[in-house]
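Here's a solo chain for you in structure tokens, the form predicted alone.
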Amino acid sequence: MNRVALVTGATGGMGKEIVKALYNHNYDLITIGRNEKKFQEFLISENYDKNHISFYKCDITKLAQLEILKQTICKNYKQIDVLINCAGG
């Protein structure tokens, strides 16, 4: 089983670079951002296997969205080995 990393702010800047590094180190990735289209274009441009990357659209400044996100992630993953917060707010 691969290690699991969660990265917020994954659609740009430092977050996107961290996603690249973790993917290249065989992590399964939980990625969070506000722009799903931008992230999907990034995955295609890098030719990444989508079976190892999950994207969740969430504005982390909205508590209701965070609660739904938390419930979804807890339901879908047994553990998170690495947490990296790159989202600005």
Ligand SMILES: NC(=O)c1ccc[n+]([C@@H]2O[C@H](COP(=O)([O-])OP(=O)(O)OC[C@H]3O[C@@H](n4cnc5c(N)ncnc54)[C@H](OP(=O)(O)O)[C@@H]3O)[C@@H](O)[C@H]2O)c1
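Bear in mind that the values here come from a model prediction, so they are computed numbers and not experimental data. For every residue, the number given is its place in the sequence shown, counted from 1.
What follows is about the form predicted in complex with the named molecule, which we do not show.
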Flag T61 as yes or no: does it have a non-hydrogen atom within 4.5 angstroms of any non-hydrogen atom of the named molecule in the predicted bound form? yes
Quick check on N35: any heavy atom within 4.5 Å of the named molecule in the predicted bound form? yes
Is there a heavy atom of V82 no more than 4.5 Å from a heavy atom of the named molecule in the predicted bound form? no
Is C74 a contact residue for the named molecule in the predicted bound form, using a 4.5 Å heavy atom cut-off? no
What are the residues of 13-27, in order along the chain, with a heavy atom within 4.5 Å of the named molecule in the predicted bound form? G13, M14, G15
